[in-house]
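Given as structure tokens, the chain that follows is alone and in the form predicted on its own.
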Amino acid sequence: MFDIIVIGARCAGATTAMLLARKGLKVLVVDRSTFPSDVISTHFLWPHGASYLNRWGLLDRVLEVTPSHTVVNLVNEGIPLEGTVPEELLRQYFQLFHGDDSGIVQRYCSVRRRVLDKLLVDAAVEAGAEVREGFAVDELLEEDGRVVGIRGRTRDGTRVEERARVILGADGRNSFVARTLRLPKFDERLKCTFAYWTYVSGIPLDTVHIHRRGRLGLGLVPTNFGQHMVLVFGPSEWGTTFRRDVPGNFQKALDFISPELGELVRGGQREERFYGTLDQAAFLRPLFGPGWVLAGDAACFRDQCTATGMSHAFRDAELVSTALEEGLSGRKPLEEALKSSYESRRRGQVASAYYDFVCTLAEMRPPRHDDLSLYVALRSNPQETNRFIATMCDVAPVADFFQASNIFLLTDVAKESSSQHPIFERFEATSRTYLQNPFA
């Protein structure tokens, strides 16, 4: 009899198991994959994501093999911004969610999942959790309307049944736990991006570059093995035509968004095939019920356009492990602990506003004049640029940055300097051309 069985041993699952085992609970983790292995993921960590690893004593292991940096470069229609997430806002974030701001770092890194997930699984084992790789869960066991265990198969086909006080589903957007329990999806947002990416060596850049032009975007990020992840994304309705010639359209998109970066990628060496996804529709699911809990993408899935999935999975792990320890130790009734220490923080007004923000960005609408004016204004205001970046990655509340008084102040500044940027000269005509699918 285990205290917790965790289904899924990647970002949300392995870290939750590690934290619960460190608290002295008896934890079993199962995953149909074996490690190390990759999974579809932007594998980017914003500073709060790196801070979680640092709080848990794991960041140094990641940075031993992964390049990192302290600034991010954002370019929208040729208007460049550079900045970082301020320490003050990081501390406010961790105080808000966890009441503890220890371990804060201001570093970004992009760590391949074959590297990170293996490290997390090993850390769970070191903490005392039992991990079974290559284990396929076939069935959830229920008694009197409550989930009480699992039935599945080991790598050699042996049938196994295990029981626990709680089953945690950390098994991704297509969660077996959610499907088996027929949990509803709600607040679904079908408009999203398509995304294709690959890995290229020989690119002489050492910081993150995220560019937007028209309805297309790119990410160029240093990662493990001396390579860069190169990502292209756009509105989902263009995905079908894009995939007809992925190599050709990939380079075409790069050259359109940023000719300079397109040339750097052309001069590098592609080391792996192209990976892609056409469906990133967002949704929410219930977070817990009798004998079960969801975390990570199983509980809430959003588009990749802000690359916050792993950082949010780490946040979930710390929140849900705290709630489960409170409930299973008897300090609070389990349902009360999950509601107060997990659900209320995961589904509050701040989280709802960020969900709307990401889903709106994921529609990849052509830029508005006001949007670009805001970028121009931020160019001369490093403090607000940093706050904007913190808002993008869900460290600072969306409402704080986009409050009317702040936007009016910034756009007034922009009116005086917009003429220096070519996009404003033929804005209306350019915006019309952006509506046309370049891959059709």
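Numbering starts at 1 and runs along the sequence shown. Please read these numbers as outputs of a predicted model, since none were measured by experiment.
A second form of this protein, the form predicted together with a small molecule, is not displayed here; the remarks below concern that form.
Chemist: Residue 309: heavy atom within 4.5 Å of the small molecule in the predicted bound form?
Modeler: It does: once the small molecule is placed as it appears in the predicted bound form, residue 309 has a heavy atom within 4.5 Å of it.
Chemist: In the predicted bound form, is there a heavy atom of the small molecule that lies within 4.5 Å of any heavy atom of residue 399, even though the partner is absent here?
Modeler: Although the small molecule is absent here, residue 399 would stay clear of it in the predicted bound form, with no heavy atoms inside 4.5 Å.
Chemist: Consider residue 44 of the chain shown here, and say whether it contacts the small molecule in the predicted bound form, taking contact as heavy atoms within 4.5 Å.
Modeler: Judged by the heavy-atom cut-off of 4.5 Å, residue 44 is in contact with the small molecule in the predicted bound form.
Chemist: Decide whether residue 61 counts as a contact residue for the small molecule in the predicted bound form under a heavy atom distance cut-off of 4.5 Å.
Modeler: Result no; residue 61 lies far from the small molecule in the predicted bound form.
Chemist: Hey, of 344-352, 69-77, 299-307, 242-250, which bit sits against the small molecule in the predicted bound form at 4.5 Å between non-hydrogen atoms?
Modeler: Only one stretch qualifies here: 299-307.
Chemist: So, a 4.5 angstroms cut-off on heavy atom distances: do all three of 146, 293 and 322 pass it with respect to the small molecule in the predicted bound form?
Modeler: Verified in the predicted bound form; spot residues all out of contact, no.
Chemist: Going by heavy atom distances of 4.5 angstroms or less, which of 199, 283, 238, 176 would be at the interface with the small molecule in the predicted bound form?
Modeler: Answer to the contact question: 176.
Chemist: With the small molecule left out of view, choose which of 154, 92, 340, 277 has a non-hydrogen atom within 4.5 angstroms of it in the predicted bound form.
Modeler: Going through each option in turn, the one that passes is 277.
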